[in-house]
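The chain below stands alone and is given as structure tokens, in the form predicted on its own.
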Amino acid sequence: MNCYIGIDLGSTTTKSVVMDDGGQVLGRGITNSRSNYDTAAAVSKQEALIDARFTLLRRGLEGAPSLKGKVDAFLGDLERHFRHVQFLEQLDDLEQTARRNGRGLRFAGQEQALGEALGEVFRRLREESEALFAPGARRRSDFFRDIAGSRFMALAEPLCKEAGLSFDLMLNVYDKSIIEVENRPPSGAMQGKFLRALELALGAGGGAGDAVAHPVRAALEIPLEEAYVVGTGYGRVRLPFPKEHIRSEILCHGLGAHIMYDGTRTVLDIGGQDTKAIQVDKEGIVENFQMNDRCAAGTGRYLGYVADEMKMGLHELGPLAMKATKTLRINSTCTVFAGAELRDRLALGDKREDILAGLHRAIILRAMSIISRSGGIRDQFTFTGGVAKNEAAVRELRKLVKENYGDVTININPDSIYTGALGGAAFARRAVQA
């Protein structure tokens, strides 16, 4: 099966989309962007191909009589076990790397204690992992670094105290090791992981036997051939592709939004590093655009800085802002001055939720200015990028669009963060089929 792949290398996350010959999306993948952009591209592409396998599995299982009405539940179990197998593989890699790095450090009399403490930390991490991937379990993140890192720190500190071991030494070893591990894609044969997950899922599901195992194995044997790959995004110049495989973010986001909603005429993308307002024609071809100039004010990076200042997770900002009883006026969306203004507001006794509501409004006001310079909003209007998942930003956007442009159809897709990669995949398909 031919696969057309688009990779959007953003400043904070890297996204990939896999498309088939008919233009249908087979899979999507995402990972943290890293200083090693080649690895970020490879990991996101691998995740998209894994997702594509699950799409093929769904197609194969829909005709299995023993799974009638239960395909979603079975695939949920299968993916849960697959992710657990993948997590344990990366955990093994992290432990081996940490032990190797630990032996390379010389702290008088602490080598043995460090090795024992590392062994105990990783033993407990493996033990805990069952609960992390249990049915219904909720994780704050699906990225390996986030899952493993928070628990590593929590487990390591008391163990270091008991052993009389320097916690700074443990952190030094961990920091060096996690960078190495996350800068290489998970190794091992993908089919082997799927088959191991299948064994676990069948055991948990009461043993549907060959009626399920046969279509799963058949789906795993379908070759996924990379016919063409197109790269785009903030870090596209670092992607390991020839220049003819690179497309601008503007073109990819415009076409991607058109594919999601074919009536799209205006696109707003608020990403990690920039804000783009794009005007497209009925074919998704860019007619005009504007971007934020000079700095990352009012972008996802700005929201990340605000979250750090408030000691919150980025995903917590929107829900808290939704609880505001009033919207404070924020004078600056400059990242440099944001911390000072936040601290001043808090010192004056303003509530965090009211401050955040004001911050979200300020971000959208800035975006509206960029849209105006691009030619304004035409029906339909599509909002994309990571910030499109922020409910407070969406609320302010809807208000300001109605105030300035009246009743306009606003499209927000749950997979909007993949818009650029989707456009890239479509360009890859066109490059071959043209």
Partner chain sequence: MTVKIPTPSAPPSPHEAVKEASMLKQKEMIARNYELLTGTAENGRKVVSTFVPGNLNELVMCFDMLNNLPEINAIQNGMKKLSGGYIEEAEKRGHSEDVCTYVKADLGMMAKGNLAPNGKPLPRPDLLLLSYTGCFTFMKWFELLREQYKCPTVMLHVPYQGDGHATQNMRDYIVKQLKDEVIPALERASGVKFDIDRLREYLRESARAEDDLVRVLESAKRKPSPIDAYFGGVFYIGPIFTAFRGTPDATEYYRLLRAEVDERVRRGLGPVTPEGDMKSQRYRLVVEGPPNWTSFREFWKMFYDEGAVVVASSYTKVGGLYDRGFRHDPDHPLESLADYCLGVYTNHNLPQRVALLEQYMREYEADGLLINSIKSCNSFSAGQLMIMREIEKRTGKPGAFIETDLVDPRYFSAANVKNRLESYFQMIDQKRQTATAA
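Here the structure is a predicted model, which is why all the values come from computation and not from measurement. Numbering follows the first chain given and starts at 1.
Keep in mind that the form predicted together with its partner chain is not shown, yet the notes after this line are about it.
Highlighted residues Ser141, Ala307 and Arg352: none comes within 4.5 Å of its partner chain in the predicted bound form, counting any heavy atom. Scanning Leu132, Leu224, Ile250, Leu155 against its partner chain in the predicted bound form with a 4.5 Å heavy atom cut-off leaves one residue, Ile250. Between its partner chain and the residues Gln86, Thr97, Gln290, Gln110, the one pair within 4.5 Å by heavy atoms in the predicted bound form involves Gln290. The stretch among 46-54, 59-67, 371-379, 22-30 whose residues place heavy atoms within 4.5 Å of its partner chain in the predicted bound form is 371-379.
At least one heavy atom of Arg236 is located within 4.5 Å of its partner chain in the predicted bound form. Among residues of the shown chain, Val286 is one whose heavy atoms approach its partner chain to within 4.5 Å in the predicted bound form.
Using a 4.5 angstroms threshold between heavy atoms, Leu195 stays clear of its partner chain in the predicted bound form. Put simply, Lys326 is far from its partner chain in the predicted bound form: not one heavy atom of it is within 4.5 Å. Of the residues in 396-425, none comes within 4.5 Å of its partner chain in the predicted bound form through any heavy atom.
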